[in-house]
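One chain comes next, on its own, written out as C-alpha cells in the form predicted on its own.
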Amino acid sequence: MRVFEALAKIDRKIIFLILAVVIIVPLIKPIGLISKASTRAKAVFDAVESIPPGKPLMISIDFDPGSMPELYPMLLAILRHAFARDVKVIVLGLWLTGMGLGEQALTTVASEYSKKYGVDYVFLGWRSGVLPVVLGMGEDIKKTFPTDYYGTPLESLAMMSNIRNYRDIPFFISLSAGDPGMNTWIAYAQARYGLKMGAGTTAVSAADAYPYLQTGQLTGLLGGMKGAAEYEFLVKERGYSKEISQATQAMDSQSLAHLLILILIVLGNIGYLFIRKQTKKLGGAR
C-alpha cells in the first residue's frame, strides 16, 4: 500500500533531479541510442559517398542561428564526410544570417582534416537576389559569384578552375529552415538544370519534402535532429570521424527524457488506481 502511495505522490523535486541527471549524463558521455539510419538519410550519405575524390559537393546554408540545433550538426557531419574522402566542397547560402555559421563550420572541420582554402574548399557566401543567384549558377558560377566570401576572385582559386556550372556539381545539398531554401532549389535548379540534390530540414518541415522524394526530385532527406544523428552515425560507422557528435548527444538526452516521462506517467497512474481501489474497499467495509 505504501509503495503505491509513494508512486502516486512522488515529490516533484525528485522528478526534476532525476530528469536533470537523465538529460545531462548523455551530453557528457553519449550512449549512442541510434544504431541504424533511415533509408532517407542513407540515400544522402550514399550520394556523397559516390562523389569521386577531387570532385565537388555543393552545400547551401539556408538557415539561421534559430535553427542551429537541428541543422548545424548536419553541416558538420556532411563536411567531415566529404573532407575524409577528399571530396572538394563549395559552400554558399541564400540566408545572409547563416553566413557566420557556414564560416565557423568550414573553419572547424577544415582544421580537423588539414584542408586548405581555395584548394580543398571554397566559401562563396551570399549574394542579394535569390532567383538571379540560383538561375545564374546554372549558367556560370563565376559570373554569379565573381568573388568569394572574402573578396577573392574565383578565377584565382585553383579549385574553381574546372568548375563552371551545375553540370560540374555531382551532388548538392540544401540545409533548409524555410523559404528561400529547399523548395527554391528544387523549382529553379533541380527542375530546370537537372541538379542532383538532397536536403536537410527542420523536423517540422520534413513532411514538405516527402512529395519530392516520391517524385525523385530529392535523392534523400535528413529530417530534424534525428536525421542529423543518423548521418553522424553513418559517418562514425565508416570511421570518417571521431569528433563529438552534437545531434547524437542531443537525441540521447531527448530520448531518455521522453522515456523517463512515460515511465513516471505509468507509475503514477498505477499508484492512483491502486489507492482508488483500496479507498473503495475501505468505504464499502464501513
Partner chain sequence: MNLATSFWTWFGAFLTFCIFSFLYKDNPFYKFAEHLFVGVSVGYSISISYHNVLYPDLIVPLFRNGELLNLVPLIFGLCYFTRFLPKVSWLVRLPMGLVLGFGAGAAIPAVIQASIIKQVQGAILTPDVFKRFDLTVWALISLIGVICTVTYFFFSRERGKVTKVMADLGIIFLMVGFGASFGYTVMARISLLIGRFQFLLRDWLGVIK
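Positions refer to the first chain, counted from 1. Bear in mind that the values here come from a model prediction, so they are computed numbers and not experimental data. Under this definition, the rigid core comprises the largest set of C-alpha atoms superposing within 1.5 Å between the forms.
Below, we turn to the form predicted in complex with its partner chain, even though it does not appear here.
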Practice item. Answer yes if any heavy atom of Ala84 is within 4.5 Å of a heavy atom of its partner chain in the predicted complex; otherwise answer no. Key: no
Check your understanding: Is the gap between Ser241 and its partner chain in the predicted complex 4.5 Å or less for some heavy atom pair?
Key -> no
Point to revise | 4.5 Å heavy atom contact, Gly118 and its partner chain in the predicted complex | key: no
Check your understanding: Could you tell me if Pro56 has a non-hydrogen atom within 4.5 Å of its partner chain in the predicted complex?
Key -> no
Exercise for review: Work out which of Ser114, Thr215, Asn162, Ser156 lies within 4.5 Å of its partner chain in the predicted complex, going by heavy atoms.
Suggested key: Thr215
Check your understanding: Are there residues in 188-221 with a heavy atom within 4.5 Å of its partner chain in the predicted complex, and which are they, in order?
Key -> Tyr188, Ala191, Arg192, Ala203, Val204, Ala206, Ala207, Asp208, Tyr210, Pro211, Tyr212, Gln214, Thr215, Gln217
Point to revise | Core-superposed C-alpha of Lys242 shifting 2 Å or more between the shown form and the other one | key: no
Check your understanding: Would you say Leu260 moves between the shown form and the other one, meaning its CA shifts by 2 Å or more once the core is fitted?
Key -> yes
**Study point:** CA of Pro26, rigid core aligned, shift of 2 Å or more between the shown form and the other one
**Key:** yes
Point to revise | Distance direction in the predicted complex for the C-alpha atoms of Leu264 and Glu70, relative to the displayed form (3 angstroms or more) | key: closer
Study note, to complete from the structure: Under comparison with the form shown, the C-alpha atoms of Pro26 and Arg238 in the predicted complex shift by 3 angstroms or more, placing them farther
